[in-house]
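Shown below, as structure tokens, is a lone chain in the form predicted alone; questions about how it binds or moves come after it.
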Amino acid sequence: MFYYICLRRRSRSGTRGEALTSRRAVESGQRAVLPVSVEVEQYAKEVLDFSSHYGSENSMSYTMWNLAGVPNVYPSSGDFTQTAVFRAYGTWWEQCASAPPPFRRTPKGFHSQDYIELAFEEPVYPTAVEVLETYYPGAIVQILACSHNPFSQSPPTDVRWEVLWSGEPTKVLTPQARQFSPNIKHISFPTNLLRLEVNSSLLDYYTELDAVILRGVKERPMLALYKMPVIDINDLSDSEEELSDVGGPFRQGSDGKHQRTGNGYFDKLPYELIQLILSHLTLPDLCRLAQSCKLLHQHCCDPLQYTQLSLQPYWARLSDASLGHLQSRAPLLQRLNLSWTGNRGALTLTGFSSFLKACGPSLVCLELSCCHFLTEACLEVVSQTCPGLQELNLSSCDRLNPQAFTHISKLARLRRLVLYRTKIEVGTVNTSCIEHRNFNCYLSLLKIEDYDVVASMLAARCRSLCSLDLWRCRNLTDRGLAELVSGCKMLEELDLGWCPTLQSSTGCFQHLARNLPRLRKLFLTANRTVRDSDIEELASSCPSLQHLDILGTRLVSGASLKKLLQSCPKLVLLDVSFCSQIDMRVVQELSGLFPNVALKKSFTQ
């Protein structure tokens, strides 16, 4: 034992190779240091999954797939199409009318807004992870490793995720490129699957990632001998044997004598006050507290504590068993967030169906973003068990077949629907999403071929539509847009970014401005035909405008932008990146005149 302790001390002060080989030396009884383990350096081989990206599904520009392989841009800095870019940044999207309210009980330590999962060639015990950030760094808040080999032919069993590093969102003072290499912890299994989670809320513009490097060794390094047990969301046992009373004041029994209540000062507190205190606990803490004594078990299992459940922060540990434990406590559940959960077999149709049958009748909001366990049968269960559902988010559920979306037609009260990166088709849209004439939705990207047909349906059946996201709808024409804005005059948000078939020469943008006086957000990103007359029409017809993106236009001058800023006092975001007539001198001049407006001007080194 003395030799083992000395060897451990020696390895801490020695080289990395000595530390990695010391454990083998102890186990084999050798007193000499074994040869140094070779550290493997590898770039990501494949992008497996992600929550969003700025690019499109049929292109490589600004897509997550750019993270596979060697760097394309680094060490250069700036806005490059060859990098990976997420869909949003800052707090602008949270300020929009389409943004849902935050869920209660979200842990303060959970900052993640987006993620990407990367597969590497060889499983290794990680010694370092390096992320090459080329524009507005600081968004990464967590790096995780998975025990499952994504290239294995056998189905995943006992999938385990370990956090290698976590931190808070940061705002780096400069947008210049950097190599982010945090100190990571050692794990007890080899991995070739990493997950990066990001939060861009503090950034002034889109963060851009170029490549990810995984360094590690094939042989297991020496780890700590003992680890503290971690209580997770699955440790929710309500066994009566584990519930005890504690000493405290007295109560009067049936014989008239005072007896000990066992609840201490809690007997003096009103029930509602205890409930209010418990409402500030996170879900795992609430479940742990329920195991402490009978009184707190009663309080912690009160259905009013479970009217909102955000299980997204616990995606790595959530299983059918977790839902089973919560099922009896949430008969009054109104808002449920299962985003990111259930992948790689963690949730099944059986567990999902059982939970919704028990907790779905009062559900009004269901978030299922990036839930790849979903099948057509799952959506059928949703339509049968959630009659009052008003909000449904299926963002990035790209493995659902088109026929699955027909079940949405049974949700008669649906008001908000997100179908970003799904495989819904025009015929399915007609029969499901837009069947109800009073349907008022926040509709995101639909992966279909003829957007003019969709625009026509919306104009005819959704006249109270508030928000519409048609980002990268490449075949929407001026005819479809004209029909849309003529029928949906209540629109407050309209995203037409990267819709190249829309031409200003047809007058479609001026017609848009005249028909949408309530407009607060308009994205015309990468439409090179936007001109001064369009901006001037927006200035005179849309006084409530708050967010405007005209990135990439060549025909807008500083004079028209000044008129817009004068006429739209609520404007807080104006993106003029790559607008050839708007140089930094104009941006600085307008920023001085209108200091409350965030003028964005991207650059390429």
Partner chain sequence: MLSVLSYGRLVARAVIGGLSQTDSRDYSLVTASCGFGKDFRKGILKKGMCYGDDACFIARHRSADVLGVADGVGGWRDYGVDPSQFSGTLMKTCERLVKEGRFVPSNPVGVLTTSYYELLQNKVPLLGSSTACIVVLDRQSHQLHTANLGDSGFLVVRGGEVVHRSDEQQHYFNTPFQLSIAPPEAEGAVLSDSPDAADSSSFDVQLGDIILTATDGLFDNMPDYMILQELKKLKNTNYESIQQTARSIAEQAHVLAYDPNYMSPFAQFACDNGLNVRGGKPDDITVLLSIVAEYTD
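Please read all numbers here as calculations on a predicted model, not as lab measurements. Positions refer to the first chain, counted from 1.
In what follows, reference is made to the form predicted in complex with its partner chain, a form of this protein that is not presented.
Put simply, Arg518 is far from its partner chain in the model of the complex: not one heavy atom of it is within 4.5 Å. Taking the partner from elsewhere, Trp498 is found to have a heavy atom lying within 4.5 Å of its partner chain in the model of the complex.
Although the partner is absent from this view, Lys570 stays clear of its partner chain in the model of the complex, with no non-hydrogen atom inside 4.5 angstroms. Its partner chain in the model of the complex is approached by Tyr54, whose closest heavy atom lies within 4.5 angstroms of it. Put simply, of Glu425, Asp79, Glu117, Asp320 only one has a heavy atom within 4.5 Å of its partner chain in the model of the complex, and it is Asp79. Among the residues Gln566, Ser557, Ser59, Ser540, the one placing a heavy atom within 4.5 Å of its partner chain in the model of the complex is Ser59. Just one listed stretch, out of 363-371, 71-79, 143-151, 333-341, contacts its partner chain in the model of the complex at the 4.5 Å heavy atom level, and that stretch is 71-79. In sequence order, Arg528, Thr529 are the residues of 516-548 having a heavy atom within 4.5 Å of its partner chain in the model of the complex; the partner itself is omitted from this view.
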